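Let's start with one chain on its own, the form predicted alone, as structure tokens.
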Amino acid sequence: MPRPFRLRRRPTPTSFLPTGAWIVVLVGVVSSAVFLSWPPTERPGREFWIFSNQRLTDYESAIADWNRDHPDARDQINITLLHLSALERRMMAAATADAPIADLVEGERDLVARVFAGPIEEVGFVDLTDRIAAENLLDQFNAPSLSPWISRGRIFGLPHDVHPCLLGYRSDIVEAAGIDVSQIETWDDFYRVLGPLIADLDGDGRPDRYLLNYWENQRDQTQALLLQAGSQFFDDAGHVTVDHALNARVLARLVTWVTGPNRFCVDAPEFTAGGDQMRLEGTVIASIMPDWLAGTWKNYIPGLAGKVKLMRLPAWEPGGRRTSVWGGTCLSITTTAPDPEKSWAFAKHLYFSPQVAEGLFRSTATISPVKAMWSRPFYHEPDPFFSGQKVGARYIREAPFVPERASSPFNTMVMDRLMVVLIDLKAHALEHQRFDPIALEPEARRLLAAAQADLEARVGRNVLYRPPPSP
């Protein structure tokens, strides 16, 4: 049979790629051409990256003063606001691939710790230790506030803040019930004295009011409570030390706060409309409150004005620590800065400025770590939002007692693992209907031992940063 005749079609571009793919290729070629022919403009002066939009306003006047006094274009400060995640990506790109980075960077604690994950000589920030010592600046800072920025004995950032924690509470509800919070020294006192406020207000048989905003998924509050109790997640050499009796004791007690017959906590997340509504309605009486959160409440929950007060955190044991710490930022000079001495001069100009300290406190309630600032009048003014209390003075009183924190690059990993332990321990309590903290401690130790082994294995995989062998 003869083969049928077929007309052979000439190949077209769509014979190789569909039309949609060609559009993608075309867009890629055009955008690449535009990118390559449009080189980025470089501003003269020093780049300064921050991640807080409020600080853009707080620093405006100080930067204007600096630029006026340093007219050389190379010394002008150009401040840029970045989202924290964008700042993290740029910092890690600079640390691992020599990508461009600013001369000065403000970084949050967990982010800065990641830069410490390699050899000390490879940290991308200028070592400030000798400068601080030569200029007698060390004693001018609140000592515990330096700890997150010290790696292997060297200081790589100036502390921006202290962030001590108090307890913010609905004073209108508490005082209407005739309760005197001065009777509270410990967390056990907190439950005993305020316990009558846990109430079924609508008659459905379920409580409509709880005492504390805390839940087992609240990582930052959990870390603050562990630090308050004296927990250390690393030893001085940097080894993980989560398998500890103190950690077991605290985690067991936290489980009984969120489940069982003596539960007194509720989940009222910060920065959420639902959580704020719970605070406004009095569903939750108290919250762990670092200074910056006091400013957040003032700015974003005006309905609480005159209805709240601050008190010291209840201690874990009689005579124990009455504060903790939550959050933190530092200012660092990158090793690629062309003139680090001039950047150092600007860093001191900014962080030792009384005007900046006042602006920061008035806008966010954040107190300065520079002790010479603490006598400034603005810290000692009554605040109508907190029922006339002197908010700055109350936080300053606790500043010297905030716990020190490790700067380990593995801190985030450790806290994430401890949160798993806490959740597993709650599940164990529910499964076995066991709500006595002492009875829960053996299971807590078992879970912590497993976490310790897991963390040691994961830390050991980092070939660039290994703590020295244990003696």
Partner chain sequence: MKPTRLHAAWAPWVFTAPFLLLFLLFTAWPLLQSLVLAFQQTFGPRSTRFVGFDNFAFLLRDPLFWQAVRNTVIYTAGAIFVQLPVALGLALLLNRPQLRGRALFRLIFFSPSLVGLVFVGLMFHLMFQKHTGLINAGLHTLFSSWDPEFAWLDAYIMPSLIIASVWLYAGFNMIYFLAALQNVNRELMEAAEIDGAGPWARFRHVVLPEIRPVAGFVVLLSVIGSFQLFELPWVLLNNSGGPGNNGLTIVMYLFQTGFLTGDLGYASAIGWVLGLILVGAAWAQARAARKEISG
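Positions refer to the first chain, counted from 1. Keep in mind the model is a prediction, meaning the values are calculated, not measured. C-alpha atoms forming the largest set that superposes within 1.5 Å between two forms make up the rigid core.
Missing here is the form predicted together with its partner chain; even so, the following discussion is about that form.
Proximity to its partner chain in the predicted bound form, defined as a heavy atom within 4.5 Å, singles out one entry of Q183, Q355, N217, T80, which is N217. The partner is not drawn, yet in the predicted bound form one stretch among 166-174, 293-301, 84-92, 394-402 has residues with heavy atoms inside 4.5 Å of its partner chain: 84-92. In the predicted bound form, no heavy atom of K348 sits within 4.5 Å of its partner chain. In the predicted bound form, V250 stays away from its partner chain, with no heavy atom inside 4.5 Å. In the predicted bound form, none of the heavy atoms of W374 sits within 4.5 Å of a heavy atom of its partner chain. At least one heavy atom of V420 is located within 4.5 Å of its partner chain in the predicted bound form.
Residues are counted as partner-facing when one of their heavy atoms sits within 4.5 Å of its partner chain in the predicted bound form; in 250-275 these are R263, V266, D267, P269, G274, in sequence order. A449 shows a C-alpha shift below 2 Å between the shown form and the other one [criterion: core-superposed Cα displacement of 2 Å].
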